[in-house]
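Shown here is one chain on its own, the form predicted on its own, set out as C-alpha cells.
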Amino acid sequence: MQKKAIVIGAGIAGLACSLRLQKKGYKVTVVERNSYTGGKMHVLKQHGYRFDLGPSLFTMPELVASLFKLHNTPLEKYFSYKKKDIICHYFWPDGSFFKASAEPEEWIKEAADFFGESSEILRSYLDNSARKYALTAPIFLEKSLADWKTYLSTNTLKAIFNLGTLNIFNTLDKHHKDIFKNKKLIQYFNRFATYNGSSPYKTSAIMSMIPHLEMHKGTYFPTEGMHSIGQSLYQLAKDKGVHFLLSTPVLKINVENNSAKGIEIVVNGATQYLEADIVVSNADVFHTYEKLLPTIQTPKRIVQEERSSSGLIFYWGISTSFSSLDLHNIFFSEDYHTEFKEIFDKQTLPTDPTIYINISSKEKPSDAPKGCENWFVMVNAPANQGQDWEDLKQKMKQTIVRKLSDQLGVNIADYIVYEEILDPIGIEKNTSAYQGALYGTSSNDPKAAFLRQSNKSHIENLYFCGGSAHPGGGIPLCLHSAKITADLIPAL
C-alpha cells in the first residue's frame, strides 16, 4: 500500500513540503485549522482595497519556481512575477531621502554620494555580504544541522577555514560601525536584523549576509500580489493529488513507542483518527509541543528561548496617492538603539518607531480604487506577553499619523477611509505563532542557528518545517526548511 504522510498546517513551508513528499511517492494529506491556505500569507478585501496580510517582500523566486520544475509543470501557468528596479525608498527624520537602486553599481554610485562613503568601501561591503552568503548558505540554510553528513562536506570545511571572516561573535551594529562612518548608513544596514526578527545590537554580524538577498539577487513583485505565492503552490498541490482538509483543527499527534502514528482531528464536532507513516508539523514548534504532543515534555530550550519580534500592522485605505512613495518605504526613527531596547528589553512599543509602508497598488493598481492607495503600515513590536495592546495600538496610531504627516507634508488622518489593525494577539490567534512572534525565536545570539528546532524530531517519523524550525522565518527560509525536511524523509 502507498505510504501516507500528513502535513499539519498549510503555510508556505507546509505547502512546499507536501509537494515534495507527493513527488517522493507519498499519499499526502494537509490538515489546516483555518478555512484558507497560506498561513500568514493571507489576504483582505474591503471597499475596493486589497491587502496582503503577511509577508510583503519577495526575494529568491527561484525557490518557488523549483517546485514547479520538480513537478515538470510550467510556472507561468500558475504564477508570474517581475523584478523591481527600485528596492526601497528610505526617509530620515531630518527630511533626507534615499532611493535604493536594485542595480548594485548604480546603488554604490548613489550611496557614495548620499552617505559620503567611498565607493570602494561600499563595494567591498557588498562583496563581503555575498561571500558570507556563499560560505554559509550551503550549511546553515540548505542542509539539516542534525545530519552528520553536513559537517563532513567541503562547504563546511571551507566555512570553518574562513571562520574569522564571518564575524560570528561580533554584533551587526559593531560590525557596521567598524566599517562605516555615516550614522544613516549604519542604520540602513542595521535594519536587516529585522528580517529575522532580531536586534542589530544583539544579533551576530554574520547577518550582514542578508543584504545580498536584496542587493545582488534582487527584489520582485508577484503580479497578483504576495497572496498569490501561496495560492499558486496550493493549486499545484491540489492538481498533483495532495488532499486538503481545511477548517479542521488537529487535537494531537498520536505517539506510540516514541513513534508518530498519525493525528486526531475534529470533523463536524466529532474526533477522528488519521493514520500516517510520516507526520510533518508546519505549526509553530512551541504550539506543537504544548498542544499537539501532550504526553511529551516540551524541551526546556524551546520554553526558554527568546521570541523574535512581532509586528503591529495598520491596513489603511488611503483616499489619495503619493508620488514620493513606492512599493517599499521605510521611515527611520531618530534613535535606533533606543527603539530596539524598548522592543526587546522593555517589551513595549517604541516611542519613536521605524515605520514600514508597503503599497502594492503601486505595482497592481487594481488593489485600490482609482487615485487611491492601499497602505500596509507596520512597526516592529515585542512578542505578546500580556501588554495592554488596545492602549498601545491607539497611542501608536497617533504616533504614526503624526510622524508620517510631518514627513509627507499633509495630515494623513484626513485620508484614512478604511482601517484594519493586526496586533501580536491577532497574529497568534490566526497562525498559532507563540506570542505572535513572526519568526519563532530571535537570532539575538551567535548560537541561534544551532538552537532552532531540528527538522527531524527525536520522535520517530515526526518532522518539523516552517519559520519556527531550522533554518528560520521568511519566505526563502521557509522554502529551504520544506526542502530540508523532505530530503530527510526516505523516498518510496
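Residue numbers run from 1 along the displayed sequence. In this text the structure is predicted, and so the values were computed from the model without any measurement.
Absent from the display: the form predicted in complex with a small molecule. The rest refers to it.
**Student:** Could you tell me which of 64 to 72, 451 to 459, 43 to 51, 423 to 431 sits within 4.5 Å of the small molecule in the predicted bound form, going by non-hydrogen atoms?
**Tutor:** Stretch with heavy atoms near the partner: 423 to 431.
**Student:** Does residue 17 reach the small molecule in the predicted bound form if we count a contact as any heavy atom within 4.5 Å?
**Tutor:** No, residue 17 stays farther than 4.5 Å from the small molecule in the predicted bound form.
**Student:** Decide whether residue 280 counts as a contact residue for the small molecule in the predicted bound form under a heavy atom distance cut-off of 4.5 Å.
**Tutor:** Heavy-atom contact with the small molecule at 4.5 Å: absent for residue 280.
**Student:** Going by a heavy atom distance of 4.5 Å, is residue 56 a contact of the small molecule in the predicted bound form?
**Tutor:** Result yes; residue 56 sits at the interface with the small molecule in the predicted bound form.
**Student:** With the partner left out of view, is residue 34 within 4.5 angstroms of the small molecule in the predicted bound form by any non-hydrogen atom?
**Tutor:** Contact check for residue 34: yes, within 4.5 Å of the small molecule in the predicted bound form.
**Student:** With the small molecule left out of view, which of 186, 209, 292, 88 would have a heavy atom within 4.5 Å of it in the predicted bound form?
**Tutor:** So the residue touching the small molecule in the predicted bound form, by this definition, is 292.
**Student:** Looking at 129, 171, 248, 361 here, can you tell me which has any non-hydrogen atom within 4.5 angstroms of the small molecule in the predicted bound form?
**Tutor:** Selected option: 248.
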